[in-house]
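As a starting point, one isolated chain is supplied in structure tokens, in the form predicted alone.
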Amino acid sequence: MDIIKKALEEGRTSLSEYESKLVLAQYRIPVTKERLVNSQEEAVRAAQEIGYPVVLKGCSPDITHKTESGLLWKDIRNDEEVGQAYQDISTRMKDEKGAVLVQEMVKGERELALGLIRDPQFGPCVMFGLGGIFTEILKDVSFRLAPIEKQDALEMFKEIKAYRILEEVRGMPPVDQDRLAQMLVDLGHLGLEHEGVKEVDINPVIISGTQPLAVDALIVLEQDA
């Protein structure tokens, strides 16, 4: 894959969020509608094309914690707010090599996490769990060695304590588990086909209606692969 190959040739250890999602999309993993922009005018135009409300984020391979760095603006509802957000993010990013990502605002109360970890002994392992800001604290996750089949993914769902959030709950429809399972299967294929991929972190995967959608993603690379 050109994106991964190019980044490895440049000696990089990770892809930007935008690049990571381009890779995921090539593996049929659903991602947010978004545009990478380099000016305020481009940001406004992108927001108009995507449709309000939108999110603006600082985007660079060197940025891993956008919220803590003040590089994330949510629920932006008009051109003026886009301009303010773009100027603020650009100012904070003045020492970074990067651009600004304009992204659709995805609404959903259920957040999941999908991932891939390359174990030195066993190779790529697929991860599924509860997502959002409490992922690292709760550690409600399940793992399988890649490759996996859809039945393996369905079994992984039942292994987390929060399994019932995938069902009909509090007036929300059940999650499309077949689509979610296919995302895990495809994630395993990505790890098997690219030894240079050390880790994939897709968090959150927000459930919009019944459909899972990757809202944020990071691909970490292994130079010695």
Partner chain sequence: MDLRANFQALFYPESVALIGASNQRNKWGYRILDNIITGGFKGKIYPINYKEKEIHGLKAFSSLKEVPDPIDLAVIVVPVRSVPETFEACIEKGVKAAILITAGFGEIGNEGKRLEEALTVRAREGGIIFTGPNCNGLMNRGIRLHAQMISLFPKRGPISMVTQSGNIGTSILARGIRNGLGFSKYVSSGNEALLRNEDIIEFYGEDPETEIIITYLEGVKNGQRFFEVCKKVALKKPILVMKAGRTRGGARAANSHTGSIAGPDEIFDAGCRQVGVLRCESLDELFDLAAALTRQPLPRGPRVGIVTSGGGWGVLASDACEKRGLDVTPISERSISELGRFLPPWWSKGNPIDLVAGMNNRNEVFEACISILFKNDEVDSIMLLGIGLILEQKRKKGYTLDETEKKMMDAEMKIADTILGLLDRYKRPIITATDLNMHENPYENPLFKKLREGGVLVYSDPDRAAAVISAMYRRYQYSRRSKSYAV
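Numbering follows the first chain given and starts at 1. Everything quoted here is computed from the prediction, not taken from an experiment.
This protein has a second form, the form predicted together with its partner chain, left out of what is shown; the following refers to that one.
Residues Q40, L72 and E96 are none of them found to lie within 4.5 Å of its partner chain in the model of the complex, as judged by heavy atom distances. A residue is said to contact a partner when one of its heavy atoms sits within 4.5 Å of a partner heavy atom; R110 fails this definition for its partner chain in the model of the complex, lying far away. Taking the partner from the other structure, its partner chain in the model of the complex has no heavy atom within 4.5 Å of any heavy atom of I76. Proximity of D201 to its partner chain in the model of the complex falls within the 4.5 Å heavy atom cutoff. At a distance threshold of 4.5 angstroms between non-hydrogen atoms, E104 is out of contact with its partner chain in the model of the complex. Residues D119, P120, Q121, F122, G123, P124, C125, M127, T135, E136 are the ones in 119 to 137 with at least one heavy atom within 4.5 Å of its partner chain in the model of the complex, listed in sequence order.
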